[in-house]
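As structure tokens, one chain now follows by itself in the form predicted alone.
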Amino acid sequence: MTRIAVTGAAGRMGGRIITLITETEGLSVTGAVEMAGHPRLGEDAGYIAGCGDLGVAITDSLEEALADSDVLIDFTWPEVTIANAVVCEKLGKGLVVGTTGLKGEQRGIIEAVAKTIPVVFAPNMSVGVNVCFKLLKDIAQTLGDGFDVEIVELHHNKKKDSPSGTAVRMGEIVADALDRDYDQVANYHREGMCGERTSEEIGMQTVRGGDIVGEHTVYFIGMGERIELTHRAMSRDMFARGAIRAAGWLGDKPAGLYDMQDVLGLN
């Protein structure tokens, strides 16, 4: 049995993760965390999630939530995730990071922590998206340099980071498959007389509006033909299900930095 603690336990994502854990054989909810001062502190995490009392009270102490847990599933904010990762390292607990928007230095901290504990860190926990990652690598390697690559991502109007971590990872995968430096070839902005498109650049365009859960399309555009690989998220449950799958997989793994490709056996 893998025992799991969940951050943001009174929120929409945390509640879905808790509910889905209770529906998954071999997993149990043993800790639930919320920010200090949250009005739901002390209440039963299962009751708040809508799946019935679990005997697990929501606390603002991560150490308390991890006392009887093996793994923490963290969907919060970059600064909070980094602080939580340090606590997990200190206590020797596994960590699944679903937080997006982490910068270079923050990623470095996650990598350092993974030398001591097992960590699954992925820009997108969706099983379908990670299959797309694998397909993108195969498509780019097969097509080579003869096709222009453009990426368009759509999300709801409350999303704070742009472009999405998933879109950036897609760009990195394509760039690596084509032996390019993503940081050098990514083009986030075109306006006015910006000149012709170069053959190596990877365009990245962002759309924000309404309640779009998430949509990513990678265009491979050649002369007289075009390939479009699209993933559309219809529900945030896909992120929760992927994170739960990762937590169950991580339960008996040694220290190291893993991603969903490892979880799904795609590497």
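All residue numbers are counted from 1 along the displayed sequence. Note that the structure is predicted; figures quoted are calculated from it, not measured.
Below, we turn to the form predicted together with a small molecule, even though it does not appear here.
* Given that the partner is absent here, state which listed stretch (218-226, 30-38, 46-54, 194-202) has heavy atoms within 4.5 Å of the small molecule in the predicted complex. => Checking each option against the 4.5 Å cut-off leaves 30-38.
* Though only this chain appears here, would residue 164 touch the small molecule in the predicted complex if you measure heavy atom gaps against 4.5 Å? -> It does not: once the small molecule is placed as it appears in the predicted complex, residue 164 has no heavy atom within 4.5 Å of it.
* Asked: Is there any non-hydrogen atom of residue 75 lying within 4.5 Å of the small molecule in the predicted complex?
  -> Residue 75: yes, in contact with the small molecule in the predicted complex.
* **Exercise: residue 253 in contact with the small molecule in the predicted complex, heavy atom 4.5 Å** => Residue-level check for residue 253: no, no contact with the small molecule.
* To do: Indicate whether residue 236 is a 4.5 Å heavy atom neighbour of the small molecule in the predicted complex.
  => Because a heavy atom of residue 236 falls inside 4.5 Å of the small molecule in the predicted complex, the answer is yes.
* Within 4.5 Å of the small molecule in the predicted complex, all of 12, 100 and 123 (non-hydrogen atom) -> Every listed residue reaches the small molecule in the predicted complex, so yes.
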